[in-house]
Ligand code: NAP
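This document opens with one chain alone, in structure tokens, the form predicted on its own.
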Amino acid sequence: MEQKLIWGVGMASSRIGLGTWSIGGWMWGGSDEAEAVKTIRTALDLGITLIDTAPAYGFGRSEELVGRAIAEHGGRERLLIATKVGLAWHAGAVYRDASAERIRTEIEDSLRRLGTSYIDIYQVHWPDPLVPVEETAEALHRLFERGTIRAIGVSNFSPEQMETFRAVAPLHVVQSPYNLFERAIEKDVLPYARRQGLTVLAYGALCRGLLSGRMRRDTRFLGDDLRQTDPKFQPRRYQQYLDAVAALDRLAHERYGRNVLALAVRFILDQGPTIALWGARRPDQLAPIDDVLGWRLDEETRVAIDRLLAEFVTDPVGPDFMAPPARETGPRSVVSLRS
């Protein structure tokens, strides 16, 4: 397993981290608890040392399953738990709340669910337009100084928001959507992270499964699965993305004897201070990890990737549909979720 030292934490992380949003079940059509725990333990056995979770993933369920799996597996001191703060929920509806008061409550709930006395990487899930960034940063800085958290992160923040945050508290990690189909951070967040020595946790590495190579035209998504409303999975664009995946798969086999999944994750790892978050709900979904490690894309292949994307995806769309709408004033409004 390739390693990346995260400034502030004082220990290296695997270049692939386990993403556990889907394990929480909510917005992914449900989840099997025993299978979820088995998946987390399989990831640890494969050399993954960073697990990314959040309270809002299944309304606490994901954190509880992560805590249970680590307790059963052992070796907490050799693992990095990354969780988040700043989203609250009521009656199944989620809204942003990154106030100092919310942070004080949420840290205790996360520690209890995870079964740990400290959190390695604590991240603000989304910037809250009703709470000054300075207030949020100061609350996390206090936790950092007490040793309750070992490193501070933000998720879905712009460089400007990160600059404001860093005027009050140290910042070690930024988590952003990043994959072959969603590359907006290459214009601002990724260069900023390189300049400031921040580690980038790339979420959505396989673009909600599109880049796994397993999706077909007749694939159906059930229950509350968010892909039912994801613009990439709608008839207007879905075939474009499937055609692009097929072309990228051919390229990967011709150049490296690997598949599109390996190409997609390798692309992220080659971008510098990056860790790819690999979402999985079943142990078999982690089987291809070895295909990603120990090689690099050459410049000719990167050019070919850009050419294929431009050729096949003629109506591209980003991950904006997942962003909670900005609140204005008054009661906190109901929103969607992600990172």
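A quick note: this is a predicted structure, and the numbers were derived from the prediction, not measured. Start at 1 with the first residue shown and count on from there.
From this point on, the text means the form predicted in complex with the ligand, which you will not see here.
Note on contacts: among 67, 60, 273, 279, the single residue with a heavy atom within 4.5 Å of the ligand in the model of the complex is 279.
A heavy atom within 4.5 Å of the ligand in the model of the complex is found for exactly one of 79, 269, 207, 185: 207.
Figure note: of the listed segments 153 to 161, 189 to 197, 247 to 255, 71 to 79, the one touching the ligand in the model of the complex, with heavy atoms no more than 4.5 Å away, is 153 to 161. Within 4.5 Å of some heavy atom of the ligand in the model of the complex lies at least one heavy atom of residue 261. Contact check for residue 49: every heavy atom lies farther than 4.5 Å from the ligand in the model of the complex. None of the heavy atoms of residue 122 is located within 4.5 Å of the ligand in the model of the complex.
In the model of the complex, the ligand stays beyond 4.5 Å of every heavy atom belonging to residue 42. Scanning 162 to 195 for heavy atoms within 4.5 Å of the ligand in the model of the complex gives just one residue, 175.
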